Ligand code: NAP
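One chain is shown next in structure tokens, namely the form predicted on its own.
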Amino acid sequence: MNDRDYDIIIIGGGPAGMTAGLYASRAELKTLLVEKMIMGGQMMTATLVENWPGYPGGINGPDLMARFQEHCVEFGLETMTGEVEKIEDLGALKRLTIEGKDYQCQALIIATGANPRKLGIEGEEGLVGRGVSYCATCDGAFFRNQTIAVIGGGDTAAEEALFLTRFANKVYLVHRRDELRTTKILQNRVFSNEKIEMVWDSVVSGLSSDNSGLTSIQVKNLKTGDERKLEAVGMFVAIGVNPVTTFLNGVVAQDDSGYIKAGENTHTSVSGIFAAGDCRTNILKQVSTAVGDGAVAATQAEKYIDELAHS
């Protein structure tokens, strides 16, 4: 086995990928984890994780991911920063092109997660970093004593709206329906917070700006058709995520939304390729479920490699 041959290669350095790396390395399999951006994934933008078992009072995302990485490295996991440009299924081997170099493995685990979904309206792209954001914990402090808006109605939108009240004077929470799609505890926190004003049955229909950035948000009521201007200098979009799977180019089966088709056993449509975490079809996208997926994927990959050796 040369320097670029591995038992297992993992794509993605979030909770699913790092857990898979921990399990695979602990099983004494030569394992490489490839992360395109920064180790930790979306968790690096989470200020407080309240539902990770064993941490009463919560733990912030970067600290938790630092612990994950330290634990993985303890068992010998190799990591690298790079972009996977191509995947080839060669049967018993999988070949990956990473930053122009070829790597081979017997089993491949895809744990690339998902990225925030955009509204897709005119002016949105040009205002990113100038009033438009997809990460409250990254950019909230820039809007101290300002009026801002959060777009969405799920857990993430509610959590971001609550977090932003630490900085903003007022937070509009704009949702296209007439009730939130979040947990009861979050709803209660939102409705009891005097800084948050609900804007029901509404979608963003336009953005206004000047040289300094966003100045106001136009919203349209879907039931009445009425337009309303929100004098807000910040807009945080929290309407869901898109799986990071476009690079696969049909290597494994995906659903209409781009999620990798894989069951609870993490097996994809291709023998020897497994999918874990937010990039696969599942009903709950949480750190705990990603960790479970990573553990399953690594053990299934280990079993697959053992079967190859004895076939």
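Note that residue numbering begins at 1 and tracks the sequence as displayed. This one's a predicted model, so the numbers in the text were calculated from it and none came from an experiment.
The discussion below concerns the form predicted together with this ligand, not included here.
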Exactly one stretch in 137-145, 223-231, 83-91, 172-180 has heavy atoms within 4.5 Å of this ligand in the predicted complex; which is it? 172-180
Answer yes if any heavy atom of R166 is within 4.5 Å of a heavy atom of this ligand in the predicted complex; otherwise answer no. no
4.5 Å heavy atom contact, I239 to this ligand in the predicted complex: yes
K285: heavy atom within 4.5 Å of this ligand in the predicted complex? yes
Taking the shortest heavy atom distance, is N51 within 4.5 Å of this ligand in the predicted complex? yes
Please pick, from K101, R130, R117, K195, the one residue with any non-hydrogen atom lying within 4.5 angstroms of this ligand in the predicted complex. R117
